[in-house]
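Below you will find one chain, with nothing else, as structure tokens; this is the form predicted on its own, and questions on how it binds or moves follow later.
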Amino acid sequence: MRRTIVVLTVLTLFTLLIAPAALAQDKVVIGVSIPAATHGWTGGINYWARVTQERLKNTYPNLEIILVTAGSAAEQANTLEDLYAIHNIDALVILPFESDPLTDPVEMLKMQGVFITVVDRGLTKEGIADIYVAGDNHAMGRVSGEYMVEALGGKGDIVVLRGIPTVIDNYRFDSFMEVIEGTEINVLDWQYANWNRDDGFQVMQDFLARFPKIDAVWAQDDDVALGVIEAVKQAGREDELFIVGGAGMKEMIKRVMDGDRLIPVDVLYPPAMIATGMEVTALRFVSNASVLGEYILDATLVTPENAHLYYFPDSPF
């Protein structure tokens, strides 16, 4: 995984070197479609998308970056129609609200000759995306599972709060379950919490009411984990369990750094991946570099020993 990051750094430097050549090219329109900032992680996505939009426009005057957000899968599908019909986009960078409902709309653009970059939540059909950028979802589940097995000594009762029904959620969940298979760790129940703090609170309240003994919680997402923390504290059960979230929210990293026993670790899944998707897509049009393929970022286990390396207090997420 570290090799991928090095390659991206080299490519970014290369774009700066060849930037003057882009001035002579025809105007290129890149559409960027992302979910609205409904929770912390997508708030980070929105932040990095806007920062990158401005940087690319300043670096390559022939690039026009059209950034749109959507509050639902249906709304996002409609924005794709507008991006093509009104703005005549040459390329699309999309973080799908959900995988299945967006697959056919994105495929339609692909059939019209639009260059496709998919970020994070993969489509349900292969062969549509020219570029795929994501955190390592398999590793996110695996790393969380490995920590859970070690911390519990291979036995105990846990509950799992998943995200929303998407390809990446399946990757995380399946990898986690593969790791704990064969141990004496018992999953009491799992429920979708929609990567949302309020839903995490409600789902965890239900788990706490139904299960008098819970040794650990895999929340999968830091926004969900915040809701779980609140539910656990309201129930007065914070001394009996620990919570493993994920994404690298600064509040959670600070808890790890401070040695909070309720949040002993976190697993990275950086929202800045949207910037990677946008920059590599731009590179497709301003250079002769080969950019097709997958760019998978690390899922690092954040511990009290290394948390200071991932704590950015000025970040929006």
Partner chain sequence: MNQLTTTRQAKLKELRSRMSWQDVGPFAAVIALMILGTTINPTFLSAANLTNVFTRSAFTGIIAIGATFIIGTGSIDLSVGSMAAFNSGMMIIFMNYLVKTWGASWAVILAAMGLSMVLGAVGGLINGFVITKGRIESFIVTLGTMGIFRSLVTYLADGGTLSLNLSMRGLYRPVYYGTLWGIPIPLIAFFVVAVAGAVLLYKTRFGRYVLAIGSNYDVAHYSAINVNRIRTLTYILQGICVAIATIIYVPRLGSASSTTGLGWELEAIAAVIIGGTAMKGGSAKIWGTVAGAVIFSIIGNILNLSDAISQYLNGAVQGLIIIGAVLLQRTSKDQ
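Residue numbers count along the first chain shown, from 1. Because the structure is a prediction, the values reported are computed rather than measured.
One more form of this protein should be noted, the form predicted in complex with the partner chain, which is absent from this view; the next part is about it.
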Q. Does any heavy atom of T79 come within 4.5 Å of a heavy atom of the partner chain in the predicted bound form?
A. no
Q: Report yes if any heavy atom of R261 sits within 4.5 Å of a heavy atom of the partner chain in the predicted bound form; otherwise report no.
A: no
Q.
Taking any heavy atom pair closer than or equal to 4.5 Å as contact, tell me whether F242 reaches the partner chain in the predicted bound form.
A. no
Q.
If we define contact as a non-hydrogen atom of the residue within 4.5 angstroms of the partner, is R50 a contact of the partner chain in the predicted bound form?
A. yes
Q) In terms of non-hydrogen atoms within 4.5 angstroms, which of the given stretches 100-108, 197-205, 82-90, 139-147 touches the partner chain in the predicted bound form? A) 197-205
Q) Quick one: in the predicted bound form, does every one of G43, R162 and K233 get a heavy atom within 4.5 Å of the partner chain? A) yes
Q) Tell me, which of K155, R210, K125, K213 has a heavy atom within 4.5 angstroms of the partner chain in the predicted bound form? A) R210
Q. Of the options W190, Y132, F115, Y171, which one has a non-hydrogen atom that comes within 4.5 Å of the partner chain in the predicted bound form?
A. W190
Q) How does the C-alpha distance between N46 and Q202 change in the predicted bound form compared with the present structure, closer or farther, given a change of 3 angstroms or more? A) farther
Q: Indicate closer or farther: the Cα atoms of L309 and V51, in the predicted bound form, relative to the displayed form, with a change of 3 Å or more.
A: closer
